[in-house]
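This document starts with one chain, in the form predicted on its own, laid out as structure tokens.
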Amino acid sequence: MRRDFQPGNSREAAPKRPLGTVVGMPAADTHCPYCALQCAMTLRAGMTGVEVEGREFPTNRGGLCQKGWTAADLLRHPDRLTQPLVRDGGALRPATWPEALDRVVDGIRAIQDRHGRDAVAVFGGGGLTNQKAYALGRFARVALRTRTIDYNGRFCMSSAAAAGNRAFGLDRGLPFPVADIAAADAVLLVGANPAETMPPFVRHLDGAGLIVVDPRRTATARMASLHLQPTPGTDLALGNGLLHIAITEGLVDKAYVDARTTGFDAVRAAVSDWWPARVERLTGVPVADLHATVERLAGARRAVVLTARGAEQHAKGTDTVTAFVNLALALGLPGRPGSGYGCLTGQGNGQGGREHGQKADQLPGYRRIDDPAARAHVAAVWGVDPADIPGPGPSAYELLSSDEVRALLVFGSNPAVSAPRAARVERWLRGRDLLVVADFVLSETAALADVVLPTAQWAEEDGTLTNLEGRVIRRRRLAAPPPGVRTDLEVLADLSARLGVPTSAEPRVVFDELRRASAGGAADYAGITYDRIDAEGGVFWPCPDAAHPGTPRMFLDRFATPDGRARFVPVTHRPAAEEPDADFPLYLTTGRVLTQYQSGAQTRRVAALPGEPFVELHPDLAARLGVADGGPVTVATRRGSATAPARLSDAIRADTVFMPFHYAGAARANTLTNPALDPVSRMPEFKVCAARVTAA
């Protein structure tokens, strides 16, 4: 199995079949278990293991990254859980499934009898299949009758989703196929590093037309012809400044603005005082680069503006994304063939995961849970009274810090590593009356649990996912899970039955119910079937019926607002929730690296994926602190400290340090991060806080 993929490798460089593979052994065409690019792959069961082959598909063009090539290594990993665990006398011990499930259900009933239905909470994940996300939301609201459910996608896409909904009336990460990006003459990439986070995506980027906004000179920024390196937390001011230049230089597409938008005059007034010199002083981005950015976008025949976590994971993330949406609208990009605004979704099913009900304020089909018509439609599918469906619940961090929550069931997430202010979240998890975690390894969160339920991996179950383009695709099972292991759908069905609400654990049956529940909603899957996905290589939503072709490109004729027009929304820059001061004089920012994924529960167990925690800092800063390359340093914020080896690099600003967030223990970056929440999206401010660094 080849593991030396570098961005740009072609399908012809895909690995050859291992010598141990037997022709005729089971095979499955499926998709990578990691990011939302959902690269296509073929799995083949051989005598010595499972072989991974890259498969031709529009997003990855036959290539895979290191994580994809090694994804099958976890299928027979010695850390696999194959038996339920229950906590007795402070320690976890093996148990039977009936014992474990009875303990869960008895605990739920006792807690709800004592503290009310909402005292039992559910926490999901953006990597769960559409069926599992749907089933989890239904389980919470029908079997548990609790409003307390959210998922880790709140930490990922919520700001972009909120901005998209208020500008366009609908949120789909990319409202056009990823191939449109490859055809664009200019691409503005704000707060994304796909060369490390989703390497096959860089095949769709032309460095000559690429402009990257990032406080670090990342691998993606090095590809670009223009790199804007702002002070952390100032992207909103940058976006307003770019729009100011577009207006004052006469580069606004007036015909488009007049015909297809509303609210431009208010935004023009809001950005009138963001002249280039002021933006340069605040952001550190030279005036010449500001002008060059706008001129390239406005002068391109086809142009795309993309945002990602670097712009979104802020206490003002919704407004920051809105500033760049306003820029795209002023230039006439959204809804124009070959151009547009989009968001690079992060988690494998980050798009579908937020469409079908595991988000605190949503019902299936991307319906609002407080909409009476939506409640009536979904209640009819579920066979319940609309009044019995609970209302909106707290957002992810609020859920994970609420004293009213006495029990938590976790599926597909590891908040002990991934949540902001993680030490406090860990203490909170330890303090619950009942913590239940379904996972295939003993993650840091599972290790705290009262009950651990071993579940199947991606190649051991069937289902659908929705990639970053809004394309619904199939995940196909290669082999059954190990004896003693159940799928998440089976776990939810077992728990539901014990709670008196029988449901199906069959993925096709659940998908057909999901289709009915989503019918007529913004994310309408009613016309999407397994047969269509197989025949067409995926189907884009919305697809309301069997005769509908699906919707690869949205907003071509109208936006999803009542009047069909996109909305400009005025936004004002404000400082980060926590700015550097005498005690904490530096900016800390966090992110991902090439070989690791999310909380690292999977990738840290793959021997072929090298990596260790580090603190990246500029050589000038290191010299002032007396820190040597590779020497241990401690980063401290008002929430705690973390220690890791120093990595000196002139790719980062001298006032900023960077840590990857994949690691646990003493190097856990999210011990440090600020849980200050965006008032609209409830996104925590992962990407900037005040810090100090000392030699350890």
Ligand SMILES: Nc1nc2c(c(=O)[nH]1)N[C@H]1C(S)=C(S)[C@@H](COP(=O)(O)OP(=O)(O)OC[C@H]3O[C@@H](n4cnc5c(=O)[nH]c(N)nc54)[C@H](O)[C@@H]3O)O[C@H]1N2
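Counting begins at 1, following the sequence as shown. None of the values given here were measured: they were computed from a predicted structure.
Quick note: we don't show the form predicted in complex with the ligand, though the next part is all about it.
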property: Option touching the ligand, based on a heavy atom within 4.5 Å in the predicted complex, out of 357, 334, 233, 470; result: 233
property: Contact residue in the predicted complex, from 327, 363, 213, 304 (heavy atom within 4.5 Å of the ligand); result: 213
property: Residue 172: touches the ligand in the predicted complex, heavy atom cutoff 4.5 angstroms; result: no
property: 4.5 Å heavy atom contact, residue 253 to the ligand in the predicted complex; result: no
property: Residue 548: touches the ligand in the predicted complex, heavy atom cutoff 4.5 angstroms; result: no
property: Any non-hydrogen atom of residue 663 within 4.5 angstroms of the ligand in the predicted complex; result: no
property: Contact stretch among 412 to 420, 176 to 184, 427 to 435, 532 to 540 - heavy atom within 4.5 Å of the ligand in the predicted complex; result: 412 to 420
property: 196, 218 and 313 each touching the ligand in the predicted complex (heavy atom, 4.5 Å); result: yes
property: Heavy atom contacts to the ligand in the predicted complex at 4.5 Å, residues of 418 to 456 in sequence order; result: 418, 438, 439, 440, 441, 443, 455
